[in-house]
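Shown below, as structure tokens, is a lone chain in the form predicted alone; questions about how it binds or moves come after it.
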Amino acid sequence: MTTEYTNYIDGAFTARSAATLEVTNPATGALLARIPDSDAAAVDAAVAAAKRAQPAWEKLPAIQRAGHLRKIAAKLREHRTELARIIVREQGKVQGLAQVEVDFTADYMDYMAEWARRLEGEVLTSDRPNETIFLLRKPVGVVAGILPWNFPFFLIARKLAPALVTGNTIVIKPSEETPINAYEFARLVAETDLPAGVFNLVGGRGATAGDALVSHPDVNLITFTGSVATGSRIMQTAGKNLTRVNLELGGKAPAIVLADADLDLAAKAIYDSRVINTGQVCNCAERVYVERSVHDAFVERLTALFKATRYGDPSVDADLHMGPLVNQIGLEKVEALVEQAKRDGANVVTGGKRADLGQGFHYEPTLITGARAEMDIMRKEIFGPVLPIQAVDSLDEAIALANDSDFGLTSSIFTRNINSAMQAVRELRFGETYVNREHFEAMQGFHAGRKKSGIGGADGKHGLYEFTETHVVYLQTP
């Protein structure tokens, strides 16, 4: 029997929606569930509930708000195995990574709860006698959190946890591709004593429910993770109400491999940074610049790793490196980029076509050499298990090519020379640079991009303060 989910608004699950969306398994095409195809009225009810709940929630001491986050984290750990299974089925993530996502989500909730006693303002020096200037940090109000499908469970926490601990309330809209985990999250929240209206969940399409949410005049901050095109539309819509935005968008992460690098380490780290989640991660290594003198040796190592990749349906096989792409559109996009690269003269070393597994949206892990800077494969986000490589003659050339991009999220360099590493750190125009390691951020860092990779950021102290606004007080005493 197919599960039918309902929205979670003002502390209760609503009546079934007349209009629904189907959720399927991308590895098999099997129907998994139906969710509400919410309209503007449903979104309005959720925002109204969040707005009503926010003043009382803000008045709670931060440590009490943090206590609610810890209770939710404990619930997630109690159900960690079944939550991971849900992510595997609806998103196609391999089992090990799905379990990491669930466990990391619970840890993230606890981490953000720790900030309850660390929310800080400032005392500023005044020019006047007997005056003290305070800078206070206060919640923005109602937050709209719009989630992607590639790390759907973790992104709930990345948006909800800092919002709630700083005194905001939130309305979350999950991706219509992967909403089941969010509805199961809501079921667990409903088992806690979180006050009604603090967290609300509405399903639906971006063009309807999403648009109603981002255009709502009572939303004070929109935090979105997804494509550049959608982020741009959100920003335009938000501009009508002057609503604040926090946008994590696309990436085209360069990896630079110098002649003095540990080639085994570099190959493994870049491979891991490419096939993780079938290449569907915004900070995946999307293009490689390798010094010409070690190009062939490096490609040989990468080729062996790509050819050894195990892929298939992760719901039936736990020992896989990759699952499917999320949908037909993603599969066709990857296929088109590879075919164009072939026409442009690039060489497919291994892979290069759809995987013949009989069902699902599978693409072979693909390694491409002979790529050039002007090719689409080196400029457009692939979001699939395809890695193009370009030979370069120097670090300066590699940095110039890396920076010649519309994106600026993550980057990496592999070298044994500290001077080369520091030059890259100084000159790469990206929000993050990884030195001699894979592309994967830490919760205490600050995950933020430049250029078309986004506005604002997430994680750590700086990500927490994205959910606050300042209030300066001038206190004059006699």
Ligand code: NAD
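A residue's number is simply how far along the shown sequence it sits, counting from 1. It should be emphasised that the depicted structure is a prediction, and the values quoted were computed from it without experimental measurement.
What follows is about the form predicted in complex with the named molecule, which we do not show.
Candidate site formed by 70, 79 and 108: none of these residues places a non-hydrogen atom within 4.5 angstroms of the named molecule in the predicted complex.
Interface membership of residue 143, defined by any non-hydrogen atom within 4.5 Å of the named molecule in the predicted complex, is ruled out. Contact between residue 65 and the named molecule in the predicted complex is not found at the 4.5 Å heavy atom cutoff. Interface membership of residue 99, defined by any non-hydrogen atom within 4.5 Å of the named molecule in the predicted complex, is ruled out. Contact between residue 50 and the named molecule in the predicted complex is not found at the 4.5 Å heavy atom cutoff. This chain is displayed without the named molecule, yet in the predicted complex the stretch 168-176 from 168-176, 314-322, 393-401, 125-133 comes within 4.5 Å of it by heavy atoms. Contact annotation: of the candidates 308, 297, 336, 207, the single residue with a non-hydrogen atom within 4.5 angstroms of the named molecule in the predicted complex is 207. 381 is the sole member of 291, 381, 90, 364 with a non-hydrogen atom within 4.5 Å of the named molecule in the predicted complex.
Contact annotation for 239-259: residues with any non-hydrogen atom within 4.5 angstroms of the named molecule in the predicted complex are 248, 249, 250, 251, listed in sequence order.
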